[in-house]
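Okay, so here's just one chain, in structure tokens, the form predicted on its own.
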Amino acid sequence: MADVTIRSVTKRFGATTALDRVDLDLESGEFVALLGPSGCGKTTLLRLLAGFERADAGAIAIGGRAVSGPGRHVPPERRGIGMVFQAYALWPHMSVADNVGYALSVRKTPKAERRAAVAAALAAVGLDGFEDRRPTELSGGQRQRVALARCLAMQPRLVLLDEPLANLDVHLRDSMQAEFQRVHRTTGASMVYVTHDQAEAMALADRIAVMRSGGIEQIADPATLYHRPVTAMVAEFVGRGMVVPVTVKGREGRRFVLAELWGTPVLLRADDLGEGPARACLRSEGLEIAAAEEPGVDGTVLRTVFHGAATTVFVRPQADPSAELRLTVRDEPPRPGDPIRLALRDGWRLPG
């Protein structure tokens, strides 16, 4: 049985439909990220799971227990969940220990049991010895760990995380990503993580639900989303894929199709083997500067961006000046204005 079941959930705010008949299953112990641009509905879905909002239609069950549905709404404190907020939501006048144990004290958990739970939660996030400090004495990363410890002290079966790294510096995000992974492994709790940062989602999640306009475009493991997107939106949003028009000419075995890209013959990975006009997702690592006399897509270098170990080269194809292609070059890159010919080493024919 799935640990979380969401069926045909709809949520409206006035005339705006924030979620439109969303379905999602979360297995026990799974880490699922809700990924998408601002306004796609990911935070609304998290708030419905938490019980902060009421669904207009559909049903939600946690651990096999219905918490939302027609005529039913279980309040947040009775759902057995933990929540980690973007803004930490720590009481500044309380010590770290009091912050972590606050919900337990509201539950009237016996003092000795509460003290043990607080100590275990702080140990789990690497904050042993910080019990008597105040939030103002902590760094941003340490405050986020306190917020996570407060959640873990409740021993929830489901942990909801609402863009918890958005307020941290880049170097702190890396360490906190590792912390979330470690805590997930050691606690075995199911986790739902809201983010607009695809790098976070790809690094942390077992599966990612890519959302758009109140619905789920695709849910899959990170590698599948990257290599086999099912829509142009997923292709472009995850990994900044380049969606280009192609004409499929025929099959090449069971997993490939022969196609033309602006008149150049190319080989594409595919599940949909049908012929005719189609679209393909290209990645920068799938494009190379063509060898001498090798056929390819002719174009002009627009600009280059140096990244240290490699340079991203932006190219305008001659056959379609409105398009822009990117490739990664590790040797000496061409210069803006130089003519260039690109060979396609890998690409994916989008379904449909």
Partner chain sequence: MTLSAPAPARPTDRLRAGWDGERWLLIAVTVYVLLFCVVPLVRLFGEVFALGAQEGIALAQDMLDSRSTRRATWHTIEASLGATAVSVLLGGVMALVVGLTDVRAKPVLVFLLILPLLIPAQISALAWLELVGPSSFVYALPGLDYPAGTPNPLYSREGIMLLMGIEHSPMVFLAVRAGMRALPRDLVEAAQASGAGPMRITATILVPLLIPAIGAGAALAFVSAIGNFGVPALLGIPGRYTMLTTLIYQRLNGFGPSVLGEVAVLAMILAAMATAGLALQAYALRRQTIAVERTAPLGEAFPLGRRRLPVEAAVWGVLLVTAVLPLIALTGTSFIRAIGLSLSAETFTLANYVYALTTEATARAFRNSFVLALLAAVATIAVSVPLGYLVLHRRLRVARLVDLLADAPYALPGIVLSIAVILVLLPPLPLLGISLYNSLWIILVAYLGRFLALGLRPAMSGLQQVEPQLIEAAQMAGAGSLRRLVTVVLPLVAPAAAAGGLLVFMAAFNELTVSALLWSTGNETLGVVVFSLYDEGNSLAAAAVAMLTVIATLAIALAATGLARVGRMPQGVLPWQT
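Numbering follows the first chain given and starts at 1. Keep in mind that what you see is a predicted model, and the values were worked out from it rather than measured.
The form predicted in complex with the partner chain exists for this protein as well; it is not shown, and the discussion that follows is about that form.
Enquirer: Might R47 be said to contact the partner chain in the model of the complex, defining contact as any heavy atom within 4.5 Å?
Expert: Contact check for R47: yes, within 4.5 Å of the partner chain in the model of the complex.
Enquirer: Whether P110 contacts the partner chain in the model of the complex should be assessed with a 4.5 Å heavy atom distance threshold; does it?
Expert: No.
Enquirer: Can you work out whether S105 and the partner chain are in contact in the model of the complex, taking contact to mean some heavy atom pair no more than 4.5 Å apart?
Expert: Although the partner chain is absent here, S105 would touch it in the model of the complex, with heavy atoms inside 4.5 Å.
Enquirer: Could you confirm whether R78 comes within 4.5 Å of the partner chain in the model of the complex, counting heavy atoms only?
Expert: Although the partner chain is absent here, R78 would touch it in the model of the complex, with heavy atoms inside 4.5 Å.
Enquirer: Which residue among W262, F130, F85, F256 has a heavy atom within 4.5 angstroms of the partner chain in the model of the complex?
Expert: Checking each option against the partner chain in the model of the complex, the one that comes within 4.5 Å is F85.
Enquirer: Which listed residue (V305, A319, A66, A291) meets the criterion of a heavy atom within 4.5 Å of the partner chain in the model of the complex?
Expert: Going through each option in turn, the one that passes is A66.
Enquirer: Taking 4.5 angstroms as the heavy atom distance cut-off, pick the stretch from 122 to 130, 192 to 200, 89 to 97, 173 to 181 that is near the partner chain in the model of the complex.
Expert: That would be 89 to 97.
Enquirer: Under the 4.5 Å heavy atom criterion, name the residues of 126 to 149 that approach the partner chain in the model of the complex, in sequence order.
Expert: Nothing in the stretch sits within 4.5 Å of the partner.
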